[in-house]
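Just the one chain here, the form predicted on its own, laid out as structure tokens.
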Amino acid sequence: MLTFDRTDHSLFGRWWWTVDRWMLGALGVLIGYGTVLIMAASPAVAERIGLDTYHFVERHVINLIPALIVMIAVSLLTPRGIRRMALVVFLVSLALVAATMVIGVEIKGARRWIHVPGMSIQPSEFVKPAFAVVAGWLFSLQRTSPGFPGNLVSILLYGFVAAALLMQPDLGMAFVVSAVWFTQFFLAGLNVALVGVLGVLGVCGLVAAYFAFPHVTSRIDRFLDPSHGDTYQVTRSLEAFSNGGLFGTGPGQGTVKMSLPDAHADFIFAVAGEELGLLWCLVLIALFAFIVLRGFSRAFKDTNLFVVLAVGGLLAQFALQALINMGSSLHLMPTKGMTLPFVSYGGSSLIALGFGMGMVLALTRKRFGQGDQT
């Protein structure tokens, strides 16, 4: 067992006694929960498409290693280090998002991935957490550095990010980034009149997306009226929850995953519903809620505005992604290809989540000396 004496002033010693160990433990449980579900859901998918039975399990574990290394390494940084790293990651990942228009691989009509030897990278996954921190930094500078146009710079950067995501197109990612950015702007003291203006613009943007993007039109129409098209995955997902009942059929004993194409990814919550039942699904939801609320409670005790805004944005992003995934599985909203954080199978998504939550752990650490405050 990893232990450090309170008098240990080494890098890891200081980290252990300042990091939020409750949140760290909850993230560990969530990652373990996800690994169990991947082991239950993915073999059927792998066999159905002609891969080795444990292909996705092995890939998930392989991707977990760099994700955990990134999370711990980033959590060691000071707030100043987090700002610098987030800025670098944001600029690089935004450039790669733009590059997908030229060298990206088209899948299902969208160019979101860049192939490199051994894996595919989705740069937009890294834009999300990095931009949340950069936006929080800019909003805080507006308040703490008179004369610096932090709000204006943030608005311009948001415009670039939203435009790049819509060109791919990736409306779901653009929606998450927009919602998080608006949340941070609101927390930073956005004028009430501007709240109304941005709210109206947001509604207008969603209406425009309905008419501009055929896939968005199709998903919303099918959500409102299933007779408008194929609702196979949602129907099977709801069947899984019905089969599972209160206690579930038992790990590995479900049948819906045999015919659910994205059982290991976008619809892994349906596998949890069938095999683990309602009670364990509620435990999973409680884990997400604990991580988010614990993070907010730590951040809002901080006197550093940057920390409050950055952590608020990162946690809002984490919570929104989980809500979208679970809501889609339960037919509470139109389907959207978005992973369940640390639970669904994923490469770029898993590593980007490690990066984002590493920044949350770093920014919510207890800070005593002046050097830790900056």
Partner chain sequence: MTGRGTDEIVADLGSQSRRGGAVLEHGGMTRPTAPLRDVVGHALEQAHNRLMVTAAVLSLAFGVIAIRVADVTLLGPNVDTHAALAAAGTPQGGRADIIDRNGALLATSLATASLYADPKLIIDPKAATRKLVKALPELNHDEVLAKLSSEKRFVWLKRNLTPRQHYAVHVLGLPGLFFQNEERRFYPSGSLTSHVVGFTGVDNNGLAGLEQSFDKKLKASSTPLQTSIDLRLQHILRREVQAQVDEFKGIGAAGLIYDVNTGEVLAMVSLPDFDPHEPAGLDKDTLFNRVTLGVYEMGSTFKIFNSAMSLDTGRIRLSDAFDATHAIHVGRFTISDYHGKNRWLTVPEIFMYSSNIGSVRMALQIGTATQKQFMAKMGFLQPVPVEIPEAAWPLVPHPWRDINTMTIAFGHGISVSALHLVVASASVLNGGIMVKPTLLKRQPGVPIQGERVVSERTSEQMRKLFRLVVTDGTAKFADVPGYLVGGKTGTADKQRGRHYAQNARLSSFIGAFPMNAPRYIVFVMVDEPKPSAATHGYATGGWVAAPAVGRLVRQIGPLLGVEPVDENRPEIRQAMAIEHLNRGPALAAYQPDARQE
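Numbering follows the first chain given and starts at 1. Please read these numbers as outputs of a predicted model, since none were measured by experiment.
Beyond what is shown, the protein has a form predicted in complex with its partner chain; the following relates to that form.
Contact check for D262: no non-hydrogen atom falls within 4.5 Å of its partner chain in the model of the complex. Under a 4.5 angstroms non-hydrogen atom cutoff, its partner chain in the model of the complex has R83 among its neighbouring residues. For the chain shown alone, F296 is a contact residue for its partner chain in the model of the complex, at least one non-hydrogen atom being within 4.5 angstroms. When its partner chain is considered in the model of the complex, S242 lines it closely, a heavy atom lying within 4.5 Å. Among the residues Q233, N151, T249, N304, the one placing a heavy atom within 4.5 Å of its partner chain in the model of the complex is N304.
Note on the partner interface in the model of the complex: the residue among V36, L332, V29, I65 having a heavy atom within 4.5 angstroms of its partner chain is L332. Taken together, W137, I285 and G312 are fully in contact with its partner chain in the model of the complex: each brings a heavy atom within 4.5 Å. Only one segment in the set 90-98, 182-190, 162-170, 206-214 has any non-hydrogen atom within 4.5 angstroms of its partner chain in the model of the complex, and it is 182-190. Contact residues in stretch 130-161 (any heavy atom within 4.5 Å of its partner chain, taken in the model of the complex) are W137, L141, R143, T144, S145, P146.
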